[in-house]
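To begin, one chain is listed below as structure tokens, in the form predicted on its own.
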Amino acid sequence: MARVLVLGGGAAGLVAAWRAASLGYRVVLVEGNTRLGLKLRISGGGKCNLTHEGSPVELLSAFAKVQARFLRPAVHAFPPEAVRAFFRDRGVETYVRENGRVFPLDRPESAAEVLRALERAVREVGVEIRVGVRAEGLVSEGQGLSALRMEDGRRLEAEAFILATGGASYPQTGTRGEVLDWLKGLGLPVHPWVPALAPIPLVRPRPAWEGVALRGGTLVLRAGAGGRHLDARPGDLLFTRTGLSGPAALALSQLVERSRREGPAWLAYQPAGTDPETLDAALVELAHREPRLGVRTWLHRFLPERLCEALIREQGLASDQRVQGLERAQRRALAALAAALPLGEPGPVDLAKGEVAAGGLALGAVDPRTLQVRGWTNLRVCGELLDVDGPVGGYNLQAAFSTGFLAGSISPGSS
């Protein structure tokens, strides 16, 4: 059988290599790091959120519509239940948390256990693994590839190539993103890397609030202070020394960075689920009904106490100020704070700190039924190198497993 060369020993590359070898191909897996799956090892803080429970349709609904349509054949070919069965057959039992996220059974080094199962799978089907060898380019002939050009000057030849090198986040794990430039050099359409699922720095951070969490509200992105509404994400938020983290920040980070690059951007958190006018009217009523109610006590209904103390001070109010004694402007300012706490202007989101990188090879350049690059006879792409990025919750690893499986499903006579 023909030789298949898989470049990249992460989640997608390992599954692609296993699948192609299972079908009888001679497979060589090339990884630039000295160990396989470095990014997988740290996935989920070492706990490894493998996938998300649900049918293919339910899982795909978490992705943008264009991405969901593209992923449909891959996810149906290797759905969440098949991923769980794959690992169960190799000694890795999983369980589902209340939020639908699927993890290996809680034990030390769960992610390492997942990686060991993948390594066993590829070795059992005879995949030749080469680690510590880094490629520096693609060698093309006509509309096909003939070899990988290695840093030591050698060429690795094959009849079919699967690129699974990942994105550009966590560069310490070897994901430098340079393969996107190689694809661009082949004349293929690519989208630049953008950080996703990353902490958001603030131009004026609040280090005194580090560790304070805002819960049950919505993080809102606007085109500058007082500008038009651009987008929003519900979820908890955590103040860090340099800015914001937590589920809502991670979910909105890609849009924040894209908006910031195009013009002014501004963030606020809406904890109350209502508008300033409604809260102002409620304050007026409370001033009559509960004349001894303190401003700090009222504001604490919406925001953590550590924030209330600072916000009251910034409004020029005494810590024991009562609602009844507020002037109209003061009352309205407090109502506005409770309705939408201003967080300020976001700074550049660090690509290296994102759990994934948005961007990659444009989906229109790839046949979603096979993951073969259109116009190229023997080139397939899978994993994060594709312009696909899902939310937190196991969706991105599932996409990596599914696209790796489909890319490795090479039928006789095709690449």
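Numbering starts at 1 and runs along the sequence shown. Keep in mind that this is a model prediction, so the values were computed, not measured.
Omitted from view is the form predicted together with a small molecule, to which the following refers.
Engineer: Pick from 358-366, 42-50, 342-350, 66-74: which stretch has a heavy atom within 4.5 Å of the small molecule in the predicted complex?
Structural biologist: Among the listed stretches, the partner-contacting one is 42-50.
Engineer: Tell me, yes or no, whether Tyr395 is in contact with the small molecule in the predicted complex, where a contact means a heavy atom of each within 4.5 Å.
Structural biologist: It does: once the small molecule is placed as it appears in the predicted complex, Tyr395 has a heavy atom within 4.5 Å of it.
Engineer: Heavy atom to heavy atom, is Leu406 within 4.5 Å of the small molecule in the predicted complex?
Structural biologist: Close contact is absent here: in the predicted complex, Leu406 is far from the small molecule, nothing within 4.5 Å, heavy atoms only.
Engineer: Looking at the partner-bound form in the predicted complex, is Val133 within 4.5 Å of the small molecule by any heavy atom?
Structural biologist: Heavy-atom contact with the small molecule at 4.5 Å: present for Val133.
Engineer: Is Ser253 part of the interface with the small molecule in the predicted complex - any heavy atom within 4.5 Å?
Structural biologist: Close contact is absent here: in the predicted complex, Ser253 is far from the small molecule, nothing within 4.5 Å, heavy atoms only.
Engineer: If the cut-off is 4.5 angstroms on heavy atoms, which of these, Leu326, Leu221, Val179, Ala198, is the one near the small molecule in the predicted complex?
Structural biologist: For this set of options, the contacting one is Val179.
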